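As structure tokens, one chain now follows by itself in the form predicted on its own.
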């Protein structure tokens, strides 16, 4: 096997003969010399050829040559090529230019994902997103959480059956899961106590906005033996602080490319917590208009208020009215022990304490037009003893969008599924 180094490692091999492999990013022919930029997973290196080259952009090649210093080349070094092996030629009719410096329009990106994902700027979004997921899991493991993987085919919905995609399952109607809610709670009740899952979630909602997807990745957490929903908010600020620190450490170049930044762990600890009514009052004070609901404009105002008053663009809104929360949310009079986390003007988390007492759950169901029979196995979790518990979910794409300041959440989905797209 031919030993290959990465483009970012040229500086470690000055004067040596080495092998690189990757995609031809750009070709510039200057008479007797051609300069070729080669792209691999780590970055871009400059190749130098005598004369013209006989391949085009996006061709996959393996090259051999000697590493030389050149302050004008990416990273200060280049490869003077002595041999080239074309591994796979690329057709010349690229639907979009992978090597252009200006941003490509979102429709062009989404209509041509097989090619657009090769654009370094686009690909860097998903490298950063992978770090978010990894840091999420690592932090929770450090807090003695266990990762689970639950089924996405369910017989009934814990949200009451609305907004579900139906699937023909050997002649029986089943659904794609909106969340792993049932399974998270079952595992808490099993004695595992603390669990998390990174998995797909589905919402059959006919929206077409820059903040919604019909299929997205949900970062789910559930924790037993909590004293209240405050424990969950404490967990989340520490979790996000750990994620942001990892993103800053590993992707400073990507943050700079997007003109973005992340709060420090210390800033996240300052995240204010205000109840739903107080939030509406703040919106009214800042806009001069009475706030009947917390709409997208209100979310932006609340985050702006949090930045002005607390130095962080994040705020927990708590104590939502019962009618605005799912049936399983623990009641607190006419309110609930629940919260949303708004970050940079967008809700990225919904969570709260759950009802864990069987009798209380049965009393609650009729108020939401539900029955024990209609929920299938869900109520069984509580019939045989379940500790006080709660959890939350973070939308991976939304969090990525807000970190990088993307205009549309679809830019943070590898192959977005919305009302128009089910390909590739």
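Numbering follows the first chain given and starts at 1. Keep in mind that what you see is a predicted model, and the values were worked out from it rather than measured.
What comes next is about the form predicted in complex with another copy of the chain, which is not displayed.
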### Query
Candidate spot 134, 418 and 422, all three in 4.5 Å heavy atom range of another copy of the chain in the model of the complex?
yes
### Message
Under a 4.5 Å heavy atom criterion, is residue 68 part of the interface with another copy of the chain in the model of the complex?
### Response
no
### Message
Can you tell me if residue 206 lies within 4.5 angstroms of another copy of the chain in the model of the complex, counting non-hydrogen atoms only?
### Response
yes
### Query
Is there a heavy atom of residue 95 lying 4.5 Å or less from a heavy atom of another copy of the chain in the model of the complex?
yes
### Query
So in the model of the complex, does any heavy atom of residue 83 sit within 4.5 Å of another copy of the chain?
no
### Message
Only one of 324, 211, 152, 257 gets a heavy atom within 4.5 Å of another copy of the chain in the model of the complex. Which one?
### Response
152
### Message
Between 307, 108, 192, 265, only one gets a heavy atom within 4.5 angstroms of another copy of the chain in the model of the complex; which residue is that?
### Response
192
### Task
Work out which of the listed stretches, 237-245, 215-223, 265-273, 282-290, brings a heavy atom within 4.5 angstroms of another copy of the chain in the model of the complex.
215-223
### Message
Using a 4.5 Å cut-off on any heavy atom, which residues of 85-99 would contact another copy of the chain in the model of the complex?
### Response
87, 88, 89, 90, 91, 93, 94, 95
